[in-house]
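Next up: just one chain, as structure tokens, the form predicted on its own.
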């Protein structure tokens, strides 16, 4: 029977149908309107991929489930007894269902008693989340449905190449594109920037200066909505004190974006009846990423956009469940419902749902990179669910060294990823179409994915793995359910009253096809597709404008490393490539890493189209074939981050962290380009 479900990749969560074969077909759903990208069309191939794991591995050798589970439980107990509960760490993923993310956080804090848990979403949305909470009092990537964008006259899109990373999204921008209202901020001339009326290409790491310049123009040229600022915000005066120093010509000297183009961009936004400002990874993955997003929020607030019908501000979530994954407890400082783990009331509420004492719950742990950096010296064991940190983490050679320094590494995956290869124990688990569960897409809409195909014999769900380990660690069997609907019912109780309140969302309502966006506090509530229409989530109902100033990237080009490198995704691949590199059609299209370089920059390094280049930073070097792209800045190179081995872009990236979000600076580091002799 055909089964309606959703794509296993990005946070757009396009609607699709799985038919016997298995094969996928697009279906009519608001976010994709019957469209799919190349990754979605080929996603069924992942279900029969060669190399699929169906037997647990212990020290690389096949083992029974009972032996593998017993071995893991025994080693975890030994390490905890010798070194304390924080000797065991847990690392999750933004692709896990809400049920998995919830139970993983509970497993860490109750069954293991460890504070050391974080997830790869720290590398994705953390800066946007921090800025959103500061400004609006709550973090939901898009506080409005994606479909609202279809009526936009103007859209300012910062650090997003949606034409490649989520192609069905582009149809929602069509009106703005046709009206000459799309403004794209990106150092590259991407497929998205090609469709823009105005393309602003700043030097990597200077987005904050550009945002201050656009705010300066908006104020100086009379485009500010003074009534909105008075009624709905606080902090404009302090914000303007900073922006007043960033006149357009000064911004041009720092960013390379002409004063004329800055004024054109503001004019496009200010004359629109319906306008949106949207940010993504390009402006967020910086050591000042939280402040960068705050600066774009300040611009949107000055123009009176957030919380206004037909206009708004939002952040584009990347991973499939990047939104839900950060709401329910696999983040170092959070409990379910987007509660803070150091809030006594939050601890009491969640502890009551879990049937434990509040004081038994650990406090905040280390953020993702800090956790990985401490392995061996701090945690002696690591359990990884839904992440491939050997490829995706910054300074990845160092992270691989820290993984090797562990006494014990456990990975749950459906293939032998680059991280799983290093593990002492690998649990073979189900993948997207072989299990049920909920996801929360980029607009805060909770989606139900039903099981569409029977998993191969020998694999188990992540929920079953967590249940079996918990029982072996002395927990009551009923405390860790294996049925996803039972887990979700408990999640609803744990989230009740929190910022991300799912209490009124049930499988029954989702099966009936209701469009339910959180918060949804009870079963009579219709959900909240649009936040902030009446008030923001601060006590006084007003948004906060945060005075922030440009400070530039942590590492500037110099004589030894004269270029800036930035990283990102390509159409055919996703995240670390652990899934998409196993699909022949996708690997045939993009089989290996490449480096995009301006022809003049390549020529100065003695390189031409197709040559193998060495891209070196202070942390390592990447080997990649040269692609000469005339639209590139001459001071910048671009590398996709989907490839393993000596093609890992993250061998060179800078792990310096944003002080608020703890986001690493993926998007800019100083490099040199050389021919491989």
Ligand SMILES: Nc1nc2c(c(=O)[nH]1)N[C@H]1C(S)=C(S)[C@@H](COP(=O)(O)OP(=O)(O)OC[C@H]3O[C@@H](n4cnc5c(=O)[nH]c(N)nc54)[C@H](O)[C@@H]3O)O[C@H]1N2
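Numbering follows the first chain given and starts at 1. In this text the structure is predicted, and so the values were computed from the model without any measurement.
The form predicted in complex with the named molecule exists for this protein as well; it is not shown, and the discussion that follows is about that form.
Partner proximity in the predicted bound form: residue 10 to the named molecule, non-hydrogen atom cutoff 4.5 Å | Contact check for residue 10: yes, within 4.5 Å of the named molecule in the predicted bound form.
Flag residue 185 as yes or no: does it have a non-hydrogen atom within 4.5 angstroms of any non-hydrogen atom of the named molecule in the predicted bound form?
-> The answer is yes: residue 185 has a heavy atom within 4.5 Å of the named molecule.
Is residue 641 a contact residue for the named molecule in the predicted bound form, using a 4.5 Å heavy atom cut-off?
-> Answer yes; at least one heavy atom of residue 641 falls within 4.5 Å of the named molecule in the predicted bound form.
Using 4.5 Å between non-hydrogen atoms, is residue 482 touching the named molecule in the predicted bound form?
-> Output for residue 482 is no: heavy atoms all beyond 4.5 Å of the named molecule.
Location of the named molecule contact in the predicted bound form, chosen stretch of 381-389, 269-277, 75-83, 499-507 [non-hydrogen atom, 4.5 Å] = The contacting stretch here is 381-389.
Answer yes or no: in the predicted bound form, does the named molecule come within 4.5 Å of a heavy atom in every one of 136, 142 and 545?
-> The answer is no; none of 136, 142 and 545 reaches the named molecule.
Option touching the named molecule, based on a heavy atom within 4.5 Å in the predicted bound form, out of 574, 313, 107, 518 | Going through each option in turn, the one that passes is 574.
May I ask you to choose, among 569, 467, 366, 492, the residue with a heavy atom within 4.5 Å of the named molecule in the predicted bound form?
-> Residue within 4.5 Å of the partner: 569.
Even though the chain is shown alone, can you say which residues of 23-49 have a heavy atom within 4.5 Å of the named molecule in the predicted bound form?
-> If the 4.5 Å heavy-atom criterion is applied to the named molecule in the predicted bound form, 23-49 yields only 39.
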